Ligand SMILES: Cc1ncc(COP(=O)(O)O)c(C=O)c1O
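One chain follows as structure tokens, the form predicted on its own.
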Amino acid sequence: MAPDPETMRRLGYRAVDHLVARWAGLEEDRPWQTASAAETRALLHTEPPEEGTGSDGVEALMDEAVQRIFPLAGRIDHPRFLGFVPSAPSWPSVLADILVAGHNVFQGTWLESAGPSQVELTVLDWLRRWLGMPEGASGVLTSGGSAANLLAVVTAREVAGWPSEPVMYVSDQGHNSLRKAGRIAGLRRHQIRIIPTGPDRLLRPDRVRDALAADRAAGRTPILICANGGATNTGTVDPLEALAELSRAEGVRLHVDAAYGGFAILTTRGAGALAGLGQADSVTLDPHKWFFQSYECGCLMVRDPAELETAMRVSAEYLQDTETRDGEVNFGDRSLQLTRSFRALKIWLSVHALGRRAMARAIDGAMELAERTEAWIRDNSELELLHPAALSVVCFRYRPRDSAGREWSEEALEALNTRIQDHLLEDGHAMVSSTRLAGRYSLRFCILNPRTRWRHLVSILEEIVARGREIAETSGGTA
């Protein structure tokens, strides 16, 4: 339970050696590998040992984890991992995690973590300024966007005075965590209004206005409009300035889920797309996505942190020693968690080590690669663009070119593109996920890793075309 310093040092160096070897060999590794539940159980399930191996056995156990456990997972920081929303943490972020784990800070109260709490306040103020939110705005670092969205919904319900028929409004392109947050906050399904979008997949203010009027006429109370600051599906950004104007006119809070796309505001391209973001009442960010932090690191920023604290603070006799004085913050009063880790150190260390400009350049580079990918797809007659590049997401599919003029049915195109995706995964060349756009099956690139280069993307696109041709030539899938 208390190894000697030399043993700790030897085992710590061994762990770092594993990490350095992984990072150095990442590009040569597969971006993704999995196994069935039956396979993992046979390989990894054991009974808990009654007697431990002691420090001498820890090194072998770490080796086993690196060789048998970690490989059966996505390498989401691999340059050819483009599925879902990847995460590519910086090395300073990883080092911060090591320090935080070793110091094991409890950061729920100022009493127990004055220094770490001040660092979180400093980091939150950086985020406030970058987003363009006013003086006094602040927030809390969370486990991720799902927790941040839940805090935003609960705060909106509290500010509205717990009406009997509250309603929140979510785009049909909104993240599933928003609907889940509404359900956890006590809203029934009909009180989570899904607003349909058109071909541009944007939340139109006139449709929101009509929905607000209809609900008020029915005796319901609108409490929250949820907009996208980079939709997971396509990367689209809703018209935030117009929605902010609508929310003010209607007296309804505006929340922007910018978990994926929010940090693009640090770039010229992104600032234009995200204009109006700082006018929201609350904003969700995920530094563990496009700000190069390791999991778990999300954030909720709020225009008025007192509203968040009113919604979340619950007192108890055993916390009477933790009362704060002017300028102090108990982050447990802004969070779902009382026991919470020192997440801010990783952001603080990364920004100091790398600089905001370098991190912004990396974000801008990903957007440039997305634009080049769109152009490549448009120039290839066997690929069909289903949604143009938005921030760093591109949606498309393989569509065979048939000299006889025959058309492929939607069912056949879905089957064909599913097989292409399966090939990419099984071959180990790339991890590419899929989505549906207006019912059509789409391959989807999400580019945000600073390690990803144009050559990686071209190799994947060429593989999709080559494999698509091969399957189409042997397929009877034409309509």
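Numbers follow the displayed sequence, beginning with 1. Keep in mind that what you see is a predicted model, and the values were worked out from it rather than measured.
Unshown form predicted in complex with the ligand; subsequent notes refer to it.
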| item | value |
| --- | --- |
| Candidate stretches 244 to 252, 174 to 182, 194 to 202, 327 to 335 - the one whose heavy atoms come within 4.5 Å of the ligand in the predicted bound form | 174 to 182 |
| Tyr260, heavy atom within 4.5 angstroms of the ligand in the predicted bound form | yes |
| Contact of Thr221 with the ligand in the predicted bound form (heavy atom, 4.5 Å) | no |
| In the predicted bound form, Val85 touching the ligand (heavy atom, 4.5 Å) | yes |
| In the predicted bound form, Gly144 touching the ligand (heavy atom, 4.5 Å) | yes |
| One residue of His387, Arg397, Lys289, Lys346 in contact with the ligand, assessed in the predicted bound form (non-hydrogen atom, 4.5 angstroms) | Lys289 |
| Listed residue (Gln293, Thr232, Ser138, Ser117) with a non-hydrogen atom within 4.5 angstroms of the ligand in the predicted bound form | Thr232 |
